[in-house]
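Take a look at this single chain in structure tokens; it is the form predicted on its own.
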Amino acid sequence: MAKLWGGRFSKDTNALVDAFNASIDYDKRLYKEDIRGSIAHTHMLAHQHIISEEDGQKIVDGLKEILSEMEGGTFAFKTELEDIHMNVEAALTDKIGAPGARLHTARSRNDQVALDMHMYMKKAVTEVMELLIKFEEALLTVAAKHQKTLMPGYTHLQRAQPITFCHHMLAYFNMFLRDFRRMEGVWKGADMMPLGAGAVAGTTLPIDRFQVAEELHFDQVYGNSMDAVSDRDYILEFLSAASICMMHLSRMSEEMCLWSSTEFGFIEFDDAFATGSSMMPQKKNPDISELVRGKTGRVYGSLMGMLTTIKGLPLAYNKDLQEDKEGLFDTIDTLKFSLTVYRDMILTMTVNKERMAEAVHKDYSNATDLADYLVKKGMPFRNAHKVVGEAVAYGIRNHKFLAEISMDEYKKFSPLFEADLLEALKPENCVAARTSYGGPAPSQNKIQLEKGHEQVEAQKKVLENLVSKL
């Protein structure tokens, strides 16, 4: 088959070169964007009298017919045509003859693929943002059910202070709020129209790039043709934002794996979101959490791969940039799947309130509250820290938790200790007393839940606005 770029060449390319050069196996997912961009380009060419209205209409009708075939699964993609752009153009020329050969007037595959990727990125980002909202709502739902469910809070994976499960879930909620904000930034980076930049230096034909931008709902047009065809910052921004989001999911996965273990026993996954062992009948494995944790490294790899690909490229377009797609597409799919399955998984998991409560009643995580008790009695905090540290050491030696040490024993550490310290040591009181803004007290949980719902509603408005510009 003759290449659409083959006029300068006297022999066919090697079959291995064809296979190595081709990207159709993965860039065919850009078919909607490619055809939509071509239709907008055709409208502009006809409006500017670069091609005739009659040819323009034939091209548009032919492109719509090809789109219908692709949607119906009857279009035959050909590897020898390399990519989605040449597959569409060749099919168009076969359908309508000479007018089809006019479609590529005043453009290059360099600015064409850039346009497709910008459009695809905008659509994909809105899909991720929608899934983030749904996941945030799931976190709020779980948190709302456990505003008074006590559990240990950890630092260094050692029990630190008692908190609530609600507070813990809201910590993740806040992480994903930031992920949404980053994705909104990715949208803005992708909302620039590159078509009309040509291969590197624009065109001598009287095109109107702003007409194309308006039809395709871009707010900005690249002001430099070299930058337009070589810019992949918006892809790096997405891969970076996706890596951070996956990192948050991975941190959550690590805790889910720990919490679902026999040693912790804080949660149990629904049978629909766990797997068994082919050898050990008793096993119930947290495979979803483990897979998400594992796939996080895969997403990181796509980011590092793209950074490495671009770091040594001279301006403007280089074939290396074809490597921008596989990692991006895989990252989009991985992130969307992870958010979707995690939402359903946390909504169906069982939280073992009794096991969590038992944990906070049988540790020394109320030690800071005992120090605060002494501070309220007038003792400097550093002195109070020392006194309570000695009390903890005494308790460990004598196999007693702080609430089990007698008043006579406490008096040996400080005369400021009185009978009311037992109330201060109760985990539920320790948590309820932590009413500083953003703290774990149920009163603060209520405030943060209400604020969370407001933030989600604001996100929905942002998303609705962006979707309207697709």
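Sequential numbering from 1, following the sequence displayed. What you are looking at is a predicted structure, and each value in this text was computed from that prediction instead of being measured.
Just so it is clear, the following notes concern the form predicted in complex with arginine, a form of the same protein that is not shown.
Which residue among 109, 122, 102, 293 has a heavy atom within 4.5 angstroms of arginine in the model of the complex?
By the 4.5 Å criterion, the partner-contacting residue is 109.
Selected contact from 317, 187, 266, 172, since only one has a non-hydrogen atom within 4.5 angstroms of arginine in the model of the complex:
Looking at 317, 187, 266, 172 one by one, just 317 meets the 4.5 Å heavy-atom criterion.
Residue 322: touches arginine in the model of the complex, heavy atom cutoff 4.5 angstroms:
Although arginine is absent here, residue 322 would touch it in the model of the complex, with heavy atoms inside 4.5 Å.
I'd like to check something about residue 118: if you look in the model of the complex, is any of its heavy atoms closer than or equal to 4.5 Å to a heavy atom of arginine?
Outside the cut-off, so no.
Determine whether any heavy atom of residue 242 comes within 4.5 Å of a heavy atom of arginine in the model of the complex, and answer yes or no.
Answer no; every heavy atom of residue 242 is more than 4.5 Å from arginine in the model of the complex.
Would you check, heavy atoms only and a 4.5 Å threshold, whether residue 23 touches arginine in the model of the complex?
Heavy-atom contact with arginine at 4.5 Å: present for residue 23.
Could you tell me which of 284-292, 83-91, 208-216, 369-377 sits within 4.5 Å of arginine in the model of the complex, going by non-hydrogen atoms?
Only one stretch qualifies here: 83-91.
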